[in-house]
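As a starting point, one isolated chain is supplied in structure tokens, in the form predicted alone.
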Amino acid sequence: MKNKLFLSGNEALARGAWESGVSVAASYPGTPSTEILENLAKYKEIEAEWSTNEKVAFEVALGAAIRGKRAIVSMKHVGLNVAADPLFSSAYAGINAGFVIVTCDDPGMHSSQNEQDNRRYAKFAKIPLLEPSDPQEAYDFVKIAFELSEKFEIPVLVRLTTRVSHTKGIVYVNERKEIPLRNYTKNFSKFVLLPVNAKVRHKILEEKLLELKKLSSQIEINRIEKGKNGLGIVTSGVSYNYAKEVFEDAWFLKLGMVFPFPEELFKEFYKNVKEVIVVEENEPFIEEEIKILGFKAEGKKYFPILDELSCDIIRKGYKNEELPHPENFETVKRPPQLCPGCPHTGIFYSLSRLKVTVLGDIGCYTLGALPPHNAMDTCICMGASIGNAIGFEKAGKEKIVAVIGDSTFLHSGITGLIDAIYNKGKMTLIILDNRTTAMTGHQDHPGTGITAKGEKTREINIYDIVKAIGVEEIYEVDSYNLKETLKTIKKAIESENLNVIISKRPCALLKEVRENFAKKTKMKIDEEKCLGEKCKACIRLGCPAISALNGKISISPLLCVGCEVCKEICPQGAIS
């Protein structure tokens, strides 16, 4: 008997995976995908882990599927770049039990460094792609994905986007179906991708794709919805919901399985319409599939390739119409800033004073690139800061500093540091160890000593790793001690050796830290001592609790956490 729950797309997908009998789940946190593993970890039947990075997560889940247990791996869109190597090979090898890959794309880049459309990966890697449009479909489609995966012995990619991942809706759910462990038999020709075997597996993969192409025209999640006029809309994912609101009388080809493209179903659809419009976010993936078949279709002629779609954009793009809407409210502009009490503040304050070249990385510390610190020259992708620093150094830049978070260092920073040591680099690396994966919502990682299920485990010591791979000059600082932090960074930069500074202070938003801050006295300004606009030394710290208005400095008692860092830098002793 079905029950109703109010779930987000990520929660619904996790529920559907659990009901499908999933036994192993792995992920690396990244918005908008993080909640999938967080919810899977709540089920006692599932071995769930935060992996060190997406490639490892992929390999863990794939290994479980080859052994005979249903498995799922989830990540944000750029995470699939990290996992691309095993992704492509897994299509050749195939699986034993069901294996589902979930990618959550971020059109509009709400929390990402690019806007890539991972539907391209499905076609490139030659694996089927399912694309839900709401939480109920996220729940339903992951179940279908497991069935397809086992039927065709192939990984299946399920693509969500931010609006599907985070939108909540009523979802009709069932109970878990236990799937027994499948027999595992050593299969050299299938799972050992030596060239002699890979050539055979490639042929098998192409044969599977032909069968999947036939199925995509028959599967119920691809359907024709009859209209009242000659306009035909082809769409998938969240774009389907926008298009249904704008084109009330049109025919729809609603695609749940987008790749392989349902050629026969499209031909049937095409007979009933006079014009085909493709409504899809970002890349013209469906539009290109239709044109490859030799049919006329337009999409990007009317709708932008950039950013998210909306009903307004679709209506304006195709009909050149706009609905009346209220005037926009004037809102106070507030630039992104590090949090009050953030342990990274002292580091970036020091770096900005030293005016050195800083190669940055992905995390909330990327905010150090913004005013007032402006203390970061690059931010490319996870783990790139150290490699970028090596390149800068080789190109002749002096006094190079790379910064990287603790989770990111474990994700993909270690290999960069090994490269720097091996190739005689002389940079300074600052590891910003705030004891959590802060940016995505405080997920644990190997350095915290806590698993995804909240169990204690062996804690990976970053200092020991750095020392073990050959760094001889290592410093540890508490960034709340600004004087010592500045002195240490200066000393490290002036050194002729490659060196590492570990800034170890927990994130100000962790529960235990907030509880300690609650006992602290909030900072106040002594107006008689403060020089106001003539000084502004405390403003340059970049703490959001401190502001200047009409020549006077003030500290918000609502925002101040009492870390006392501002007290250190006031030359007049006006903060207490």
Partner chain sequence: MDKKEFNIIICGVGGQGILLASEILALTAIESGFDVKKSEVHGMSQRGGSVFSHVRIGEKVYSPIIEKGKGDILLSLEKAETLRWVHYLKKDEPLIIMSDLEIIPPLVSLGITSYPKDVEKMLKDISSKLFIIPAKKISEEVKDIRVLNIFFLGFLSNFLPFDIKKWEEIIKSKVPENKLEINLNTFIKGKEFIKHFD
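Each form is matched to the other, and the largest set of C-alpha atoms that superpose within 1.5 Å is called the rigid core. Please read all numbers here as calculations on a predicted model, not as lab measurements. Numbering follows the first chain given and starts at 1.
What comes next is about the form predicted together with its partner chain, which is not displayed.
K.L.:
May I ask you to state whether R163 is within 4.5 Å of its partner chain in the model of the complex, using heavy atom distances?
P.N.:
Contact with its partner chain, yes.
K.L.:
Considering non-hydrogen atoms and a 4.5 Å limit, does its partner chain approach E147 in the model of the complex?
P.N.:
Although its partner chain is absent here, E147 would stay clear of it in the model of the complex, with no heavy atoms inside 4.5 Å.
K.L.:
Check T52 for me: does it contact its partner chain in the model of the complex (non-hydrogen atoms, 4.5 angstroms)?
P.N.:
Because no heavy atom of T52 falls inside 4.5 Å of its partner chain in the model of the complex, the answer is no.
K.L.:
Taking heavy atoms and a 4.5 Å cut-off, does N183 contact its partner chain in the model of the complex?
P.N.:
N183 lies outside the contact set for its partner chain.
K.L.:
Could you tell me which stretch in 446 to 454, 109 to 117, 198 to 206, 152 to 160 has residues with non-hydrogen atoms within 4.5 Å of its partner chain in the model of the complex?
P.N.:
The contacting stretch here is 109 to 117.
K.L.:
So, V173, K226 and I286: all three within 4.5 Å of its partner chain in the model of the complex by heavy atoms, or not?
P.N.:
No, because V173, K226 and I286 lack any heavy atom that approaches its partner chain to within 4.5 Å in the model of the complex.
K.L.:
Just one of C530, I539, V513, V56 has a heavy atom within 4.5 angstroms of its partner chain in the model of the complex, so which one?
P.N.:
Exactly one residue meets the criterion: I539.
K.L.:
Would you mind picking the one in G317, P506, G425, G169 that has a heavy atom within 4.5 Å of its partner chain in the model of the complex?
P.N.:
Selected residue: G169.
K.L.:
Pull the contact list for 234 to 270: residues with a heavy atom within 4.5 Å of its partner chain in the model of the complex, in sequence order.
P.N.:
V238, Y240, N241, Y242, K244, E245, in sequence order.
K.L.:
Using a rigid core alignment, state whether the CA of P195 is displaced by 2 Å or more between the shown form and the other one.
P.N.:
No, because once the rigid core is superposed, the C-alpha of P195 moves less than 2 Å between the shown form and the other one.
K.L.:
So with the core overlaid, does the Cα of P326 end up 2 Å or more away between the shown form and the other one?
P.N.:
The answer is yes, as the C-alpha of P326 shifts between the shown form and the other one by 2 Å or more after core alignment.
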